[in-house]
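Before any questions on binding or motion, here is one chain by itself as structure tokens, the form predicted alone.
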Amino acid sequence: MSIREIRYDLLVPPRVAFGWGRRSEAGEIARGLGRRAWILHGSRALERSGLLSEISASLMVAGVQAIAAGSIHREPEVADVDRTAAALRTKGAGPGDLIVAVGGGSAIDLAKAAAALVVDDQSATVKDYLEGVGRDLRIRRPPLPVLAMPATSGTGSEATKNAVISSFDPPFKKSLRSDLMVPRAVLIDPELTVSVPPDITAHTGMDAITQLIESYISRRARPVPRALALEGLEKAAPALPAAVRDGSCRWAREAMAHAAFLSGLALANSGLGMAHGVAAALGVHCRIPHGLACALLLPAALRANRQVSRAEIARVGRALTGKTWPSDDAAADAAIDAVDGICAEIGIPRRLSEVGVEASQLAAIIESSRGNSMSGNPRELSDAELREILEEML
């Protein structure tokens, strides 16, 4: 009998606190990371609701000085990172400080990138550190500690070692990546997501589901992330439609926050695939929100990969449906049908033309799809094959 070697690394945040209402613990957790907190946020609704003031008060009660460091309400661009890092340096941010990021993936990614650049003096622009577009610089020094508090349930950025940064001139969407960038602490209070509107709930939730599925079938998939991905899919399949229908539904918001965090752990340790590779290109060439792009592409990605990943997609189908199927073929069909059904229920468009993609843009989209995410896709896709898939989606 042959024995296959089991060998893997697992990268996770050092501390994770999860639970409804646990934002009250922000000060206690921050106190273990620093004495002065720069707060970056990404939600006007959180400002209006008073929740940001509540978090600041928790910091101050714990003896941590709270300082507003700005906000972002779209996916971060190179200029956003450069400007934020420069402002923090000018204001004296340094040892003994931390950054508290409250918001969706955009705010957390901006915080992680700024935390790294504020202490790394190799270049004044994040572009020089991004994969494939700059000077290929690497983060050499430990960033300022980041306390990540997600206020959407989608990107899983609170669990990852990278920050996704965009540019529109020239067009690219690339990662700043380092093991040092994993947030030092994560505080997930699903109550923070209650104010997220239905369309953003739908898009971010499908981002999480796409990450769970793609990390499970990735050619770089690892055993622990796979187990976490199945757990996340079991929770997310019923919860996402419920959260879209009723944003105040506690069990749905808790399940989606849990699934999104697991999706971050899974992608950080196993990689992604075609849907995320093309979604990044749709973001920079067509300005399609990332979660919406992932949702559009996921069914096509499952069909494209079915031939080489039938058994894995079958296990996804069993997790999504909670049913026992008579064969892998039947379970793989169920996986694709389940994803199609969720997308239809939450109002995801089914064709690229519905979100403004034109045939004339496909060449640029295909070229920009080649990156870290696409390299994890289980099936090698030529440019011609990818074009055929996208043309069928127009």
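Everything quoted here is computed from the prediction, not taken from an experiment. A residue's number is simply how far along the shown sequence it sits, counting from 1.
We do not show the form predicted together with a small molecule, though everything after this point is about it.
**Student:** Please determine, with the chain shown alone, which of 301-309, 316-324, 203-211, 237-245 has non-hydrogen atoms within 4.5 Å of the small molecule in the model of the complex.
**Tutor:** It is the stretch 203-211.
**Student:** How about residue 75 - does it come within 4.5 Å of the small molecule in the model of the complex, if we only consider non-hydrogen atoms?
**Tutor:** Residue-level check for residue 75: yes, a contact with the small molecule.
**Student:** According to a 4.5 angstroms non-hydrogen atom cut-off, is residue 45 in contact with the small molecule in the model of the complex?
**Tutor:** Contact with the small molecule, yes.
**Student:** Residue 270 versus the small molecule, in the model of the complex: is there a non-hydrogen atom within 4.5 Å?
**Tutor:** No, residue 270 is distant from the partner.
**Student:** According to a 4.5 angstroms non-hydrogen atom cut-off, is residue 94 in contact with the small molecule in the model of the complex?
**Tutor:** Close contact is absent here: in the model of the complex, residue 94 is far from the small molecule, nothing within 4.5 Å, heavy atoms only.
**Student:** Among the candidate residues 188, 139, 146, 164, which is the single one with a non-hydrogen atom no more than 4.5 Å from the small molecule in the model of the complex?
**Tutor:** Looking at the other structure, the residue within range turns out to be 164.
**Student:** Report the residue, out of 98, 192, 259, 217, that has at least one non-hydrogen atom within 4.5 angstroms of the small molecule in the model of the complex.
**Tutor:** Residue within 4.5 Å of the partner: 192.
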